[in-house]
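What follows is a single chain, given as structure tokens, in the form predicted on its own.
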């Protein structure tokens, strides 16, 4: 029997970091945090913050997986890419109460939180956050480093680009395409395709701001 303790280094000691650490412990990991507030900040609740992000990069830890628990998509992307360049293994964390089809794909660096549903032939790319009780329906694709917020529903064959943010309680009808770096405000209902680099809000959602 292999009794080796699984170890997880979490980048980002924030509220989202607390949720990720809680999930990691449920999955049997021993966790510690790396955050650039160190050494001013050395604890997040009862968890130790043991160094900065650069400290983590400087030490090649043996038998330790890493997850980036930073809500900002752009920063999470940057940190994940640096970790990959330094040869770190990114964890993939799926809550036991989540329902993930045997035919779905969930890439490394992604967190799937409690009560989420990912149905058949959906594809979740690396570095994503699939948050509490969100629904990713069949054949939907979520691009790298996107955040699907709590209680959001993406219907069948939706396409979400890279670094998108789909706000709390939003709904996206089937076959819709949302391009890269687009933010959908909380509680929105998306019934038309959305271009890249915009903020959209409302029911039905309309573009209210261009991000570039």
Ligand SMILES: CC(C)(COP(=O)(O)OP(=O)(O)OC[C@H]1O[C@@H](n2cnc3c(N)ncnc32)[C@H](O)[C@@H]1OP(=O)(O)O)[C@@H](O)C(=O)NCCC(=O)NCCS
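Positions refer to the first chain, counted from 1. These numbers were taken from a predicted model, which means no experiment stands behind them.
If you look for the form predicted in complex with the named molecule, you will not find it shown, but the lines that follow are about it.
Asks: Picking from 143 to 151, 33 to 41, 59 to 67, 174 to 182, which part of the chain touches the named molecule in the predicted complex when contact means heavy atoms within 4.5 Å?
Replies: Partner-contacting stretch among the options: 143 to 151.
Asks: Taking 4.5 Å between heavy atoms as the contact cutoff, choose which of 165, 53, 47, 29 touches the named molecule in the predicted complex.
Replies: Only one listed residue qualifies here, and that residue is 165.
Asks: Exactly one residue in 125, 73, 131, 119 has a non-hydrogen atom within 4.5 Å of the named molecule in the predicted complex; which is it?
Replies: Checked against the cut-off, the match is 131.
Asks: Quick one: in the predicted complex, does every one of 186, 202 and 209 get a heavy atom within 4.5 Å of the named molecule?
Replies: Per the other structure, all of 186, 202 and 209 touch the named molecule.
Asks: Check each residue of 14 to 53 against the named molecule in the predicted complex and list those with a heavy atom within 4.5 Å, in sequence order.
Replies: Stretch hits: zero.
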